[in-house]
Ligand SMILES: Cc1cc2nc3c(=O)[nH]c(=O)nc-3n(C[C@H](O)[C@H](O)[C@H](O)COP(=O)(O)O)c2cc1C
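Listed next as structure tokens is one chain, alone, in the form predicted alone.
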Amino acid sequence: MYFETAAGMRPAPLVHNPFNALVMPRPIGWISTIDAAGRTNLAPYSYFNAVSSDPPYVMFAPNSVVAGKDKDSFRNLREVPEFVVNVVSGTNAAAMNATSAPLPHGTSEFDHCAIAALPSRLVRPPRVAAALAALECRVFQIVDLPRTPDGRDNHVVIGEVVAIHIDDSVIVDGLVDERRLEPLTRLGYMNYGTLGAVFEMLRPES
């Protein structure tokens, strides 16, 4: 089939927007933030990825679900422009999903979902104690995207990675072993995935 996005994102026979099922798998950024009053927030974002490795920068998109109401992560970043990206492993899937619940503003998902936290070194938001890797970040730039037709705001937050935590258990022969990290990925709709076959393919030499 073929359709132009200006006409809508679910033409027949599609019953849901297919975009998430086409651009996948996507890593999940489990983002911890803190507001000016010291209240923490922890929320998963599947529109997350690295944008540069040297220097290291990442991005995530805290897009509004309801017109006129920013997500708590984004509101916190306006007050304290720092965040931590906690890598989600398969063993943390249920905890990650629990933190996606629509809790009242100011309620800490760390406390509500009984998720242990550890202090970061260079930024104020804490990190998830059980995460096998975490990236401490400072906001570099916020890009405002066009609003949706129903008035929801869309943003892209770009962060500079200033410190990295890696659990020693996932380091083998000087490399991060992806199988031991066991990253959880977001697929289309409400589907998730873990690593399947992992193989090496070297680039052609010039």
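Throughout, we count residues from 1 along the sequence that is shown. Computed from a predicted model, the values in this text were never measured in an experiment.
The same protein has a further form, the form predicted in complex with the ligand, not shown here; the description that follows concerns it.
Listed stretches are 92 to 100, 110 to 118, 124 to 132, 79 to 87; the contact stretch with the ligand in the model of the complex is 92 to 100, by a heavy atom cutoff of 4.5 Å. Heavy atoms of no residue among 32, 53 and 165 are located within 4.5 Å of the ligand in the model of the complex. Contact check for residue 159: every heavy atom lies farther than 4.5 Å from the ligand in the model of the complex.
Put simply, residue 63 is close to the ligand in the model of the complex: some heavy atom of it is within 4.5 Å.
Shown alone here, residue 28 lies within 4.5 Å of the ligand in the model of the complex, counting heavy atoms only. With a 4.5 Å cutoff on heavy atoms, residue 43 counts as touching the ligand in the model of the complex.
Interface residues of 186 to 200, taken as those with a heavy atom within 4.5 Å of the ligand in the model of the complex (partner not displayed): 186, 192, in sequence order.
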